[in-house]
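We begin with a single chain expressed as structure tokens, specifically the form predicted on its own.
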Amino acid sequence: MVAFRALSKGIGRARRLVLNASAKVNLVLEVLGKRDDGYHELVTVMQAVDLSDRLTLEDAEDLELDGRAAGVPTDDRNLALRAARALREAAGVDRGARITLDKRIPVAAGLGGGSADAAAVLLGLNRLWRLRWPVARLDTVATGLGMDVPFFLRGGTALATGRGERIEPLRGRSLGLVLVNPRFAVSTAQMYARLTPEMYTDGGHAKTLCAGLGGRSPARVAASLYNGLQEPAVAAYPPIGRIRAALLAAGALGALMSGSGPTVFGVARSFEHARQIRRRLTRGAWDCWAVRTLNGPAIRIVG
């Protein structure tokens, strides 16, 4: 009983955590087919990158969210707040937290920002509330929130299968990338609805890329990029195709839409080369970032 009170009520003084929640890109995304449950069977290679949201978690009487960006909901439409509620219910504790979200990853952009925020809340509150759950136990909550969330509990480079929830860590390599976002959102459900059986693949693209990750050449990774959602996305949103062409013209070794879009990333020879490409692409209608891939965790405590 004493231990439960300590877990539920804390130590009588406010505590605070600050976390960075990194974005991801999909180096490969293959759709194998439609499942009986209505979802699609996937094989994808996800890679964390150093564009990140910042979340501050503080002890509070109830669960609340302060979003510091236009268009970011602060109610249960926000995955970060839903993650806090789900963890509290799963743990059976009577605790609150004030979540302050400094949003830097664009919304509905194919970069997993909402899922990264949810993973940061799970890991942060696990520490703030002294639950001491291992990542495998947090997975049970994460999967119910979204298929990308288990990846963000780990980060680095990973092969994801099933609906995306089965994670196998991979040995990645350091890459410089350029991310380009056209400043509009894309519905993931809409993109999957545009798929036809002719667009399904057999997982071979992922195998090829995984074989090239251990090499020294970014060009080998660039040559193995693949996204089965890119073709229907470009048909629905032509600017995605124009961004990809612009990245290649600016010197990227390869370029691909990430996730369900609309963000497109280009592979550079180095981070300095990525910065050069970014400077060539900067224009009023697009947001551009030069980033590095992360071989370590996607969620990092910074304060």
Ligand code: ATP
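A quick note: this is a predicted structure, and the numbers were derived from the prediction, not measured. Throughout, we count residues from 1 along the sequence that is shown.
Just so you know, the form predicted in complex with the ligand exists too; it's not on screen, but the next bit is about it.
- For the chain shown alone, residue 215 is not a contact residue for the ligand in the model of the complex, no non-hydrogen atom being within 4.5 angstroms.
- Although the partner is absent here, residue 77 sits close enough that one of its heavy atoms falls within 4.5 Å of the ligand in the model of the complex.
- In the model of the complex, none of the heavy atoms of residue 194 sits within 4.5 Å of a heavy atom of the ligand.
- Mapping the unseen interface onto this chain, residue 107 counts among the residues with a heavy atom inside 4.5 Å of the ligand in the model of the complex.
- Residues placing heavy atoms within 4.5 Å of the ligand in the model of the complex fall in a single listed stretch, namely 107 to 115, out of 153 to 161, 166 to 174, 107 to 115, 88 to 96.
- Checking 210, 72, 135, 131 for any heavy atom within 4.5 Å of the ligand in the model of the complex turns up a single hit: 72.
- A single residue from the set 84, 225, 142, 101 has any heavy atom within 4.5 angstroms of the ligand in the model of the complex; that residue is 101.
- The partner is not shown here, but in the model of the complex the stretch 176 to 194 reaches within 4.5 angstroms of the ligand through a heavy atom at 188 alone.
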